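Given next, in structure tokens, is a single chain: the form predicted on its own.
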């Protein structure tokens, strides 16, 4: 019996580029092959000959020629330091994109979207905005310091708000939940939340209390 060399839903891709964003965060860009996805979906990423994989939201646009993920290296982590040591030309193992944290395209022309993220939880929103350039959106990005405002120049001026908790160099000093409590909330918008559980839980409660309907709240725990 011949054992297949590659699993059905796995692609082995060459690493095309590595963009260092901070001392610990970087973007891996690799061959897309025949994989298609809907902005907001995620993949499991690995390294050949290592069984372990990690899930990352896709960072690039649907029509991009290559695929990208945004990774923050975890000091005590097993896979993220290995990804951080890769060099261009090495290979990565890419699983088929999956997930339902996507946009209802019927609402693209009629609704406003508010994306709330913490840390690298901004990745699916970057993909969505790049995939649908006419989308009416704003982003609240909860980060520790302003240097973690990953590629903020990619977003339309005035639509990205960096909420920094450890310095005052962002657009708002405090957490995203502080921003929500101190500013008016558009109860007619559709809200997408991605990041750590504590942020999502608190923000979800604030938005519901303000009158946002449950069907207009979408959440994905990122780490």
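Since the model is a prediction, treat every value here as computed from it, not as a measurement. Residue numbers count along the first chain shown, from 1.
This protein has a second form, the form predicted in complex with a small molecule, left out of what is shown; the following refers to that one.
Engineer: With the cut-off set at 4.5 Å between non-hydrogen atoms, does residue 108 touch the small molecule in the predicted complex?
Structural biologist: No, no contact at 4.5 Å.
Engineer: Taking 4.5 angstroms as the cut-off for heavy atoms, does residue 54 touch the small molecule in the predicted complex?
Structural biologist: Close contact exists here: in the predicted complex, residue 54 approaches the small molecule to within 4.5 Å, heavy atoms only.
Engineer: Is residue 127 a contact residue for the small molecule in the predicted complex, using a 4.5 Å heavy atom cut-off?
Structural biologist: It does not: once the small molecule is placed as it appears in the predicted complex, residue 127 has no heavy atom within 4.5 Å of it.
Engineer: Taking the shortest heavy atom distance, is residue 117 within 4.5 Å of the small molecule in the predicted complex?
Structural biologist: No, residue 117 stays farther than 4.5 Å from the small molecule in the predicted complex.
Engineer: Counting only non-hydrogen atoms, choose the one of 30-38, 177-185, 153-161, 65-73 that falls within 4.5 Å of the small molecule in the predicted complex.
Structural biologist: Only one stretch qualifies here: 65-73.
Engineer: Report the residue, out of 123, 94, 143, 140, that has at least one non-hydrogen atom within 4.5 angstroms of the small molecule in the predicted complex.
Structural biologist: Result of the distance check: 123.
Engineer: Among 149, 103, 135, 79, which has any heavy atom within 4.5 Å of the small molecule in the predicted complex?
Structural biologist: When the small molecule is considered in the predicted complex, the option within 4.5 Å is 79.
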